[in-house]
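Given next, in structure tokens, is a single chain: the form predicted on its own.
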Amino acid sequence: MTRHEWPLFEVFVRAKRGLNHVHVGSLRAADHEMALHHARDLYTRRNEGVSIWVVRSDAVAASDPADKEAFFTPSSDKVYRHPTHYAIPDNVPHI
């Protein structure tokens, strides 16, 4: 007899004062709706979150840490992507 397991979901929560969602853990659920409810119950019990994302783990694409040199090195020669060449006004937040 084969045992059926619900799919694994990755959970991301945005805190009340946060600007971005942060990975807080994983859980198993039958579908996205159930995953959202379980994530709310597990990861925001003290009302610390304002938004929850759940993503099926098998839908996440990730780079391989073993390939970090080949994957990230090409960006180091693009100095225009770094804000070192720009004057940033003091009144611009979050930079």
Partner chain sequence: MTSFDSAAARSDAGAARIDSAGAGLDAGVARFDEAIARDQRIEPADDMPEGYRRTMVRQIAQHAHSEIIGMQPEGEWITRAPTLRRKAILLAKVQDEAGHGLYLYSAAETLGADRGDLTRRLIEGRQKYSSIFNYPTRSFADVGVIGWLVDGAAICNQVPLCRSSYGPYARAMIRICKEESFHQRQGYELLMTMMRGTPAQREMVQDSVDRWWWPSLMMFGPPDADSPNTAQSMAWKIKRHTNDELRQRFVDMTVPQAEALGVTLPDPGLRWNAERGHHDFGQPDWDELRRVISGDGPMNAQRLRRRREADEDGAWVREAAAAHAAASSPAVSSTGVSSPAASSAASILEGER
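Computed from a prediction, not measured in an experiment: that's the story for all the values here. Positions refer to the first chain, counted from 1.
There is another form of this protein, the form predicted together with its partner chain, and it is not shown here; the text below is about that form.
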Decide whether His23 counts as a contact residue for its partner chain in the predicted bound form under a heavy atom distance cut-off of 4.5 Å.
yes
Could you confirm whether Asn47 comes within 4.5 Å of its partner chain in the predicted bound form, counting heavy atoms only?
no
Proximity of Val54 to its partner chain in the predicted bound form, heavy atoms at 4.5 Å
no
4.5 angstroms heavy atom contact with its partner chain in the predicted bound form for Ala30
yes
Residue by residue through 33 to 63, tell me which have a non-hydrogen atom within 4.5 angstroms of its partner chain in the predicted bound form.
Met34, Asp41, Leu42, Tyr43, Arg45, Arg46, Glu48, Arg56, Ser57, Val60, Ala62
